[in-house]
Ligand code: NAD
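One chain comes next, on its own, written as structure tokens: the form predicted on its own.
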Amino acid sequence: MDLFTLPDFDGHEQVVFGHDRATGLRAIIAIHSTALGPAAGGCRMWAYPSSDEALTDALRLSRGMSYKNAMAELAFGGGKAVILGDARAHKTPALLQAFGRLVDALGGRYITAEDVGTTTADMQQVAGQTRFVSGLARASGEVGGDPGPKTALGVFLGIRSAVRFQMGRSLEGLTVAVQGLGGVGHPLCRLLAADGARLKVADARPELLAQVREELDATAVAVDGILEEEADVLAPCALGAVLNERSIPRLRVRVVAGAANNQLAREGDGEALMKAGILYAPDYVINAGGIINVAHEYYGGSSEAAVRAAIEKIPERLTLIFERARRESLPTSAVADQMARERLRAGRAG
């Protein structure tokens, strides 16, 4: 495999492969761009079927972080880390510390945080080896901590703006199908229910599914069937590539707006959604609440009010994308990519 000719390489500045024999750490850190600041993005731990798939995920997620941070107007570039392994079976304090040393060796070019398979407690272990980490546990009233609820807030506000643009109405009485009930999906469901939405939910963890069903009077749906459920909004909040040539023709919604990264399996899927009459909220725009929280924590001197004010700009950005896409007859995903690349080019020129 030639790394430099991979479709997802996309001009990455640096890709680091880390291995620690003593702890079993196998990790990839991908730095897509530092044009706007140090590359920032979480650390995902996942049982990838192969190292090739782990690399592809790291590259796609890293590029997505460049676009996300650029669109959120943060002083961050884009990067991502993946640790190969089952977080439930292979994650240990020693392994996390070894990962922290790998991050530290990059001298601040990459800032890590939690992601799928890692937690704020894990980041405390990483922080024992490097200062280039955010998303740490904080005392009450301090900026920082678990970015999941902040991501959920941004997604919720983004769903409201997408529904208003597409349907000209509020969420009251509408049905939202939520795929994934983890650190973002669960708090998102609470916000949606409080705003009057009816919920259909799916998750591979039966106990979590039962909890959300009982707490929010949600309808439980099989994991392999949630994408085909009739609803007004689909909110993918699990892993990526769920929108593809097989799933898009079976969608029965008018809006797709969720927290998962890289929801489109390939570039052309954005056009397929547009042709199907489905409004797509580009994932890296709507799910930026977590990285906004991370940025305010990392650079310091901020407040919860300032974080919320920054997250509340997400609907404005989405509306600009929706309007431009309609005006130019382009997929919203293509418009967002174009806007993000323009900001990255301006950063490099500056």
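Sequential numbering from 1, following the sequence displayed. The term rigid core refers to the most C-alpha atoms you can superpose between the two forms while keeping them within 1.5 Å. Just so you know, these numbers come straight off a predicted model, no measurement behind them.
Not on display, but discussed next: the form predicted in complex with the named molecule.
J.: Give me the residue from Ala202, Leu95, Ile111, Cys189 that has a heavy atom within 4.5 Å of the named molecule in the predicted bound form.
T.: In short, Ala202.
J.: Under a 4.5 angstroms heavy atom criterion, identify the one residue in Ala197, Leu181, Ala162, Leu264 near the named molecule in the predicted bound form.
T.: Checked against the cut-off, the match is Leu181.
J.: Which is the contacting stretch out of 118-126, 101-109, 237-245, 264-272, given heavy atoms within 4.5 Å of the named molecule in the predicted bound form?
T.: The contacting stretch is 237-245.
J.: At the 4.5 Å heavy atom threshold, is Ala259 in contact with the named molecule in the predicted bound form?
T.: Yes, Ala259 lies within 4.5 Å of the named molecule in the predicted bound form.
J.: Mark Gly148 yes when one of its heavy atoms lies within 4.5 Å of a heavy atom of the named molecule in the predicted bound form, and no otherwise.
T.: Output for Gly148 is yes: heavy atoms within 4.5 Å of the named molecule.
J.: Wondering, does Val223 line up within 4.5 Å of the named molecule in the predicted bound form on heavy atoms?
T.: The answer is yes: Val223 has a heavy atom within 4.5 Å of the named molecule.
J.: Heavy atom to heavy atom, is Leu74 within 4.5 Å of the named molecule in the predicted bound form?
T.: No, Leu74 stays farther than 4.5 Å from the named molecule in the predicted bound form.
J.: Using a 4.5 Å heavy atom cutoff, which residues in 262-299 contact the named molecule in the predicted bound form? It's fine if the answer is none.
T.: In sequence order, Asn287, Gly290 come within 4.5 Å of the partner.
J.: If you line up the core, does Phe322 shift 2 angstroms or more at its C-alpha between this form and the one not shown?
T.: Superposed on the core, Phe322 moves its C-alpha less than 2 Å between this form and the one not shown.
J.: By the 2 angstroms cut-off, has the C-alpha of Ile311 moved between this form and the one not shown once the rigid core is superposed?
T.: Comparing the forms between this form and the one not shown, which are aligned on their rigid core, Ile311 does not shift its C-alpha by 2 Å or more.
J.: Superpose on the rigid core, then tell me if the C-alpha of Arg44 is displaced by 2 angstroms or more between this form and the one not shown.
T.: Yes, shifts by 2 Å or more.
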